[in-house]
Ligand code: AMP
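This document opens with one chain alone, in structure tokens, the form predicted alone.
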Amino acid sequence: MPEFQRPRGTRDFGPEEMARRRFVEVKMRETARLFGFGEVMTPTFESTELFVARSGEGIVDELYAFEDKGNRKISLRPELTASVMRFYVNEMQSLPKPVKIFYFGNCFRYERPQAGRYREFFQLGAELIGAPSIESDAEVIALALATLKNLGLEDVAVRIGHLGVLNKFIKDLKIPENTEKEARKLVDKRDFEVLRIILDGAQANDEATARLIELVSLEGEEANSRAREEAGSDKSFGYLTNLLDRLKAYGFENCQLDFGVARGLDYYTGMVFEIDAPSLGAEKQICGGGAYTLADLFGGQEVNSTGYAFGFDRIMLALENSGVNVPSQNLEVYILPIGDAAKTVSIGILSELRNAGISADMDLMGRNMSKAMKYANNIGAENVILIGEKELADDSVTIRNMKSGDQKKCPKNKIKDYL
């Protein structure tokens, strides 16, 4: 057994897997660019206090936290939103509004590894800062859904809620503030049985309890219909119906309301949403986000913000489970020089193909024909170019398509055209 093993909760990615990941990553970046979002990058580690300010003291137990040589308390980032908003407050507040940014990077959490969850994982997210709330909310959800559509992952469900609706129903319970927080968490987990027990223990109003559970139990079109019925008398319900209309105008007609989406973080202020991929089974969430305030928490001016984060590893798993073809990067050409005289000519052809943007490699091991062809097949080469004495004599090459087995002679100066 090798002396050194990779740390628990981390992974190694080989060339084929990295080609697939980069393909997906590029597609996601390109969609963000089409929506006018620009990419930013922040440090892999930050002050521990930044994450405590964002998520509370409880986050420390989940961090890779340490003191550096200057006795500063530092942590590897457990997510990217806090770092990006710190960057915004430090350097981007004076930019013209709205500020539209996205980011991709690795994050770290010290938690028990399990299927689809790792101690080092990857996030791709976006933030829209400084636009009116409903415009930001619609644009951000549309970007998230367009990203998945462009990847070919269309078997997804988006669930949209509003903390204004949820908080109103929870306030009607007339329970202590700490119990309200517990109730929100249980609503978000859809654990209605324990929720009833907690509310009974807090002597919550029976009618208010029934109304709350009835509301958060609504799903799909039932929830959408309820919002339309209440839109005239409650501005939060009206906000959600207007949001659905905007998303429909973007081309996303199957968005559903879910008043039980709470996201479990105190800094969310209004609309919240989650996107599920049913192919993942019980752990199906691949994206979460909403409207929030963080700039003022980090010393900046209060400003409307909406954002989300994709779990990139879950996206990859959902694509695989859904049967979406994510190509790995096959070698287009493998050149086999037969004999020493063909090697210099092969190098010239190799360089010409590479300069033309065609991925190409050549035999460096001096293999015989049989072993070289087997190697070319094993590495997934699409074509093999054979150069021997006959080809050198008439300034040509022989090109074999590895998929079909077809073989054809081609003038050396026509190789690019043939390919």
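These figures come from a predicted structure and were not determined experimentally. The first residue of the sequence shown is number 1, and the count goes up from there.
The same protein also exists as the form predicted together with the ligand; that form is not shown, yet it is the one meant from here on.
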Inset, instruction - Can you check 190-198, 121-129, 241-249, 207-215 and let me know which stretch has heavy atoms within 4.5 Å of the ligand in the model of the complex? - result: 121-129
Inset, instruction - Evaluate Gln285 for contact with the ligand in the model of the complex, applying a 4.5 angstroms cut-off between non-hydrogen atoms, and reply yes or no. - result: yes
Legend entry - Ala202: touches the ligand in the model of the complex, heavy atom cutoff 4.5 angstroms: no
Inset, instruction - Please check if Arg314 has a heavy atom lying within 4.5 Å of any heavy atom of the ligand in the model of the complex. - result: yes
Inset, instruction - Answer with yes or no whether Glu91 is in contact with the ligand in the model of the complex, where contact means some heavy atom within 4.5 Å. - result: no
Inset, instruction - May I ask whether Val158, Lys185 and Glu219 each come within 4.5 Å of the ligand in the model of the complex, counting any non-hydrogen atom? - result: no
Inset, instruction - Sort through Lys100, Lys168, Arg109, Arg226 and report the residue having a heavy atom within 4.5 Å of the ligand in the model of the complex. - result: Arg109
Inset, instruction - Check each of Ile338, Val303, Ala309, Ala146 and return the one that places a heavy atom within 4.5 angstroms of the ligand in the model of the complex. - result: Ala309
